[in-house]
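There is one chain below, alone, in structure tokens, taken in the form predicted alone.
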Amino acid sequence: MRRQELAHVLRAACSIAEDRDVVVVGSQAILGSYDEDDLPAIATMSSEADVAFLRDAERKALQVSGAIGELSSFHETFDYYVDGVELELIALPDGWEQRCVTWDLQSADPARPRFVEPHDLAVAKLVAHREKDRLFVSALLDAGLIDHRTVVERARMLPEKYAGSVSSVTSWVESHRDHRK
């Protein structure tokens, strides 16, 4: 997905939800911090944008996913889609809200998007621990767009309910670093 495509998705999602305030939480949140031309190819391969609303989140997630989600006519027409999600289901380090990245791309109007900061995004991806997530984080680390130390620090800031994931995230990051030396 490219930035202009993400802007299109955000416009549509915010219009459907009648809410301008949206948080991009999946891999495409990286587009809030970096232009697609500055990213490794794997970072923009997804055709899915995971978005969350802050108010009435569950209803809006269902509403947006139903209208422009996977296998919708929107998806068939544009080859990309939205997955409405709820923030409570995502492993984000404490304080992530204050570190969000904003974007004032006019083509996203009326959306006022915020994007999960890249290190916080890496932690969420590593807690999910799917192969595609590990490849995504590995590519960002290899490109020098995020650093090992900060990812480990952020993992240690995970809420208590994710305490069991801190050591696996830390081990994965340290193993990645050691293999790159």
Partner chain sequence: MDSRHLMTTGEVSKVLGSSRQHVVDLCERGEINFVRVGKHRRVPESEVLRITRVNRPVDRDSVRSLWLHRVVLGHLMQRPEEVMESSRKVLERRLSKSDYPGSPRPYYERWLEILDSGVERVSEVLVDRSEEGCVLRSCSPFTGVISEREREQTLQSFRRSYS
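Positions refer to the first chain, counted from 1. If you're wondering where the values come from, they're calculated on a predicted model, not measured in any experiment.
The next section is about a form of this same protein that is not shown, the form predicted together with its partner chain.
Contact check for M45, G66 and S175: all three have a heavy atom within 4.5 Å of its partner chain in the predicted bound form.
At least one heavy atom of A128 is located within 4.5 Å of its partner chain in the predicted bound form. For Q106, no non-hydrogen atom is located within 4.5 Å of its partner chain in the predicted bound form, even though that partner is not displayed. Residue contact check for V85: one or more of its heavy atoms lie within 4.5 Å of its partner chain in the predicted bound form. Although the partner is absent here, W96 lies well away from its partner chain in the predicted bound form, with no heavy atom inside 4.5 Å. Along 131-149, these residues reach a heavy atom to within 4.5 Å of its partner chain in the predicted bound form: E131, K132, R134, L135, S138, A139, D142.
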